[in-house]
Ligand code: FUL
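What follows is one chain in structure tokens, specifically the form predicted alone.
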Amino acid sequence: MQFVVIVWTVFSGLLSGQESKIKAPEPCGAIPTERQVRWLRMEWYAFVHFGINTFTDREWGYGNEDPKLFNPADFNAEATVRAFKDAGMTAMIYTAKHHDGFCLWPTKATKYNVTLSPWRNGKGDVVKEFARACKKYGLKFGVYLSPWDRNCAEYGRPGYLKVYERQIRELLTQYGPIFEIWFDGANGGDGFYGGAKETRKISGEGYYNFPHIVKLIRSLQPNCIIWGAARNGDVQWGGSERGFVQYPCWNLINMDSPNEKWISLEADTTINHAGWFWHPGQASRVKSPEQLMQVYMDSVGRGANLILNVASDRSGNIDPADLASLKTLGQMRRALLSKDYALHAKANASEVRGNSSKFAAANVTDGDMDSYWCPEEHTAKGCWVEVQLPDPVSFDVIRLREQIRLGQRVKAFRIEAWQQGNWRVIDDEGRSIGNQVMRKLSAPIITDRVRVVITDSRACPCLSEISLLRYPSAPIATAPQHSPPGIADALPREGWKSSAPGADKAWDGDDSTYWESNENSLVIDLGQLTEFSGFTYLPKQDGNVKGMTDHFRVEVSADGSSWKKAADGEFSNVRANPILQVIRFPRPLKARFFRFIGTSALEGGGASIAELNLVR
């Protein structure tokens, strides 16, 4: 017996030695840094737009707003952060400075900051209060710092770069660890600029010298994720402010070239249809938890991260309607992830690299995202891994993950289920996997065996996880799905007339149609003398920004001959976020004729309107 034990010990040692000689696959293409890996595992977090725009009912401030307007009545950073924590979020990012240039911390880089406001008797610091609340509740904290500054007299000149660098230094040295810094892409245009009131164009993204800024950030906070920075950072925009990324989602730029680089994607959207900042009447515009859950699936479920904007109102707190929807969304997300039927289930595969347990099929069900199954080096397609459950279960979401430290490799896959003695394809449209992908079936299925077949890959696949989940049913008490904003206080449009061809499409109640003209103006006869306090404008909704009006002037007349200007300005951010714009006049007006003039349009001239309403 002693001889047998000795022989087995020696044999086991030989096997162990042989396994240790089996090398892991070489990385394929660009690979993420460790900070990018940690960031991707955060999945979702909050965006908080809260500043001078909150009190002016604007999305983009002009830069000349009076700091005394900023005076939240009951600002409570802890209550806001606690709501994010309760929803299951992992962090928050605060807009420390938006395009208007007003800084929400006592910066020494500009006088245009929170110390000029009456809030906290001029001694307040919104950034500090949010940072402390995040630390208390275990959330990571990040900051948004707009490169564009419509207040600074030096913007567009070399002097502004010193101002901006000082702001970056302050935020990264005074508030503890910053997990992400956000550089927006809206750079240059008309603004106050210290009283110049002019349009300033910058010489492309090179004006900011982002390579230098990135080096500065790395020296101050090496673990800080950098959003944007003209692709010099770690993360870039997902391509839509509606909260989804395209599928397949590749975290690679210049793919399959010598300059291939790993840059992760972040999807962003708001919790309501009102905009990024809080606006009056926002409670009627909140998105339902069901809609937001779909946003989660179309972003996190496609391999990106999701940053969900939940703006503070003028009291300094989350609007109750937004809060209710966020709470239910958190419950639905927890329900989705609460039970993984594949966890610790048996697994086998078509082949295993070197027959080593280090790369065994069981690694896809062990709950460890760092372990992975891998076939032999030469196998890039046609291989499979199977999960065997102890009993049949019902599920409708399959989550897959790759070991992204070795690159994003899989290009196509299909999923099969064992039913009635045969393998049946339940999903043959799988493409990239990357950090993760969640494939939702059209209906739940019941089975005890599931197989993932890799049909194409850039190199031998390295699959770290297969999870079988159940999509949550909506709770009985959910936030209602409301009508588009502005409709509740809109005036009737019966009897409106215009001689312009196709003008009725601007008020036909159909968002998919629109009036468009090279003449850039539209005169509407309201039929009778009418009192109104403003108007709403919905940009084109066809996905084509060409000809979309972004600056306007409106005029009114009692007789159609003598005109008076009622308002002018910009429709902020309509290129990326073509939501309903609500424009209020300083005082109510009476008129029979209304003239809309598009003073500029995106990528061309003319004017366009999907829907126009007058409001009480």
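Source: prediction; values computed, not measured. Residue positions are given as counts along the sequence shown, with the first one as 1.
The same protein has a further form, the form predicted in complex with the named molecule, not shown here; the description that follows concerns it.
When contacts are judged by a 4.5 Å heavy atom cut-off, residue 321 does not count as touching the named molecule in the predicted complex. None of the heavy atoms of residue 36 is located within 4.5 Å of the named molecule in the predicted complex. In the predicted complex, none of the heavy atoms of residue 389 sits within 4.5 Å of a heavy atom of the named molecule. Using a 4.5 Å cutoff between non-hydrogen atoms, residue 427 does not count as a contact of the named molecule in the predicted complex.
Contact with the named molecule in the predicted complex, judged by any heavy atom within 4.5 Å, is made by just one of 250, 160, 192, 276: 276. The partner is absent here; in the predicted complex, the one residue of 416, 268, 234, 465 having a heavy atom within 4.5 Å of the named molecule is 268. Heavy atoms within 4.5 Å of the named molecule in the predicted complex belong, among the stretches 160 to 168, 507 to 515, 74 to 82, 92 to 100, to residues of 92 to 100. Applying a 4.5 Å heavy atom cutoff to the named molecule in the predicted complex picks out 47, 49 from 30 to 50, in order along the sequence.
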